[in-house]
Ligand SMILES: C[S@@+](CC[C@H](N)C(=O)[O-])C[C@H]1O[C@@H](n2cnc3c(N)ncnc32)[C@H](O)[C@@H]1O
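Listed next as structure tokens is one chain, alone, in the form predicted alone.
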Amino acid sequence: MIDSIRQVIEQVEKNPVNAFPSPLLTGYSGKRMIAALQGFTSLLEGKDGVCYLEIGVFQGLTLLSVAGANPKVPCFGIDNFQAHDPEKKNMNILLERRQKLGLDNAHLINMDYEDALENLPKYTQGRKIGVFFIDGPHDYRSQLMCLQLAMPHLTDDAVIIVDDSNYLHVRQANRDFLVTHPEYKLIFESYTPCHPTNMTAAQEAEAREGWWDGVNIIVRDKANALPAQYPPTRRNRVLFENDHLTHASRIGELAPRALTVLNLLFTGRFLRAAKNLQATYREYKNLRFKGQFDDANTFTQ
């Protein structure tokens, strides 16, 4: 299976072909990513009790592309549509696209990823995961928990594809998983110099032809045939250590807002900083989860 996975990667690197192109399917992913997911899932055809599973469905680009290219393979997507959906339209967009394309093998698990993974056989009718695509919450803990919670449900020769591996904290979670579970190996990695949000138009066009925002591909290597290798990370752990200060703060939930305000101040955008500070204060007034003290809150009361 590892050889077959490697062949899919090599073919995708040479010539990424979308086996189920449709103008209905839009979203944020690269051609190589879509072609790889379709190719890996094709290796499951004819196998009983296996499925494709992804975390983070958004509007269905990858889930429906994979299901359309592999109509005989059950394909599942987990999403509770709580992020990147301010108008609460994404689930209906996904369901409408699935109906128009007639993809009966594409199934939505409308739940938080932890709740779904903890009881996954209930939703997949006991099927094991042969191809696992992670594109959900990208914080360190969520990334690591996606890997950990899926382990009991993976086939012996499963392939794991981690999107947005450009992010340092995603790579760190992948590395920590690989170090603590040496039966899994990193077989392929690809990165771009920055997130597509920060790219020029030409760079973004190139990213859409490639892997979009970086990828780590992991395989189970029970025979220990592959060398151990890890995605690049920093030895300095200060950003991760700062998590402790954030969690113990009275207003830790406002940390992203505070960072935005400071960044605007330090880059001379004072009017925008003032407006953001006002918005931050409004959020502070409405916070439901506050500590009793300025810092060192333990929330043991």
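These numbers were taken from a predicted model, which means no experiment stands behind them. Heads up: residue numbers just count along the shown sequence, starting at 1.
Absent from the display: the form predicted in complex with this ligand. The rest refers to it.
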| property | result |
| --- | --- |
| Touches this ligand in the model of the complex: Gly136 (any heavy atom, 4.5 Å) | yes |
| This ligand contact in the model of the complex: Gln38, any heavy atom under 4.5 Å | no |
| 4.5 angstroms heavy atom contact with this ligand in the model of the complex for Tyr113 | yes |
| Touches this ligand in the model of the complex: Cys51 (any heavy atom, 4.5 Å) | no |
| This ligand in the model of the complex reached by all of Phe58, Leu61 and Phe81, non-hydrogen atom within 4.5 Å | yes |
| One stretch from 153-161, 127-135, 168-176, 227-235 that, in the model of the complex, holds residues within 4.5 Å of this ligand by heavy atom | 127-135 |
